[in-house]
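Coming up is one lone chain in structure tokens, specifically the form predicted alone.
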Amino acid sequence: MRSFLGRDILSLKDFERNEFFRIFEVAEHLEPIARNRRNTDILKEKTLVTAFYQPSTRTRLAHESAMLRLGGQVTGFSDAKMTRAGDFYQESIKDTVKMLEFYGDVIVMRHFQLGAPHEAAKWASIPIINGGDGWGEHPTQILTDMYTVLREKGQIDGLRWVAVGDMRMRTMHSLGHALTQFDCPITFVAPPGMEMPENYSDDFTSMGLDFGFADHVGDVIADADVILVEPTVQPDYTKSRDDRDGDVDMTPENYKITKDLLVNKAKSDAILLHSLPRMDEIPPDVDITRWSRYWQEAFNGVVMRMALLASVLGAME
């Protein structure tokens, strides 16, 4: 197994099966720290730099919280327009990361440009973690989701997944890449115009993923052990910010996960995941049902980022 020390976390297409289990093992070891709301000092001499060119709640704050839980420090920016990377100068990724690498020991980057973290990794002498790149990928979120499934179900192999939402979404691409390493059939359910991009479908096929497509979540939810949902109402991920004021379409009925749908059609022990934020695809009355796991998923987001930071910085090698 390859070492995680000094490693970039850019795409789950790069992960081998045993590497998933290694990072899950580290997460399980560190989880009590976060669960007990305590800190440790294993990264007390390290600094995380956050470079967020797009809005974020969970990804940025989960990484920052994880670093603080491990005793490290945090610096960075959450609005590129307040930096030379986003004002008149439009500083290049190369120039930006060549500066940021002097300010810390690992960089987490979210960017509206597809492949931006990969470009950063070419120039940085410290690890780059992809916090989401345009319509590309979001590896740390899907590692969080996979860890949540493992903790909730006790296994990953043998579970059948249904993924509902916009298949152009970066989480869906990382999910497909992750599941190629497990025995997990998956059905993707998306509205017209939001189908899985062909290049990702080709990747999944070449890597042996057992996948299919459906038009209505009600037709496939009965077989699902894991239901993963993303909005069908999305911002434009090719922009630094989408400033629409709410004048957007709502979720078509075919792609909503309602309490009635869960009660009448879902397995009693299925689990429902959502990386959030949500629109109206999961109504609030689902939150207190036995299927919902998105709050546990949010907690595990801190744990998983703790595991990744501790691993790439050598504290848990």
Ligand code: CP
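When you see a residue number, it is the position in the sequence shown, counting from 1. Here the structure is a predicted model, which means the values were calculated and not measured.
Quick note: we don't show the form predicted together with the named molecule, though the next part is all about it.
*Asks:* Should Lys267 be classed as touching the named molecule in the model of the complex when contacts are defined as heavy atoms within 4.5 Å?
*Replies:* Answer no; every heavy atom of Lys267 is more than 4.5 Å from the named molecule in the model of the complex.
*Asks:* Do Pro277 and the named molecule come within 4.5 Å of each other in the model of the complex, heavy atoms counted?
*Replies:* Judged by the heavy-atom cut-off of 4.5 Å, Pro277 is in contact with the named molecule in the model of the complex.
*Asks:* Applying a 4.5 Å heavy atom distance criterion, does Thr57 contact the named molecule in the model of the complex?
*Replies:* Looking in the model of the complex, residue contacts with the named molecule include Thr57, since a heavy atom lies within 4.5 Å.
*Asks:* Tell me, yes or no, whether Gln141 is in contact with the named molecule in the model of the complex, where a contact means a heavy atom of each within 4.5 Å.
*Replies:* Heavy-atom contact with the named molecule at 4.5 Å: present for Gln141.
*Asks:* So if I measure heavy atom distances to the named molecule in the model of the complex, which of the stretches 48-56, 281-289, 30-38, 250-258 falls within 4.5 Å?
*Replies:* It is 48-56 that comes within 4.5 Å of the partner.
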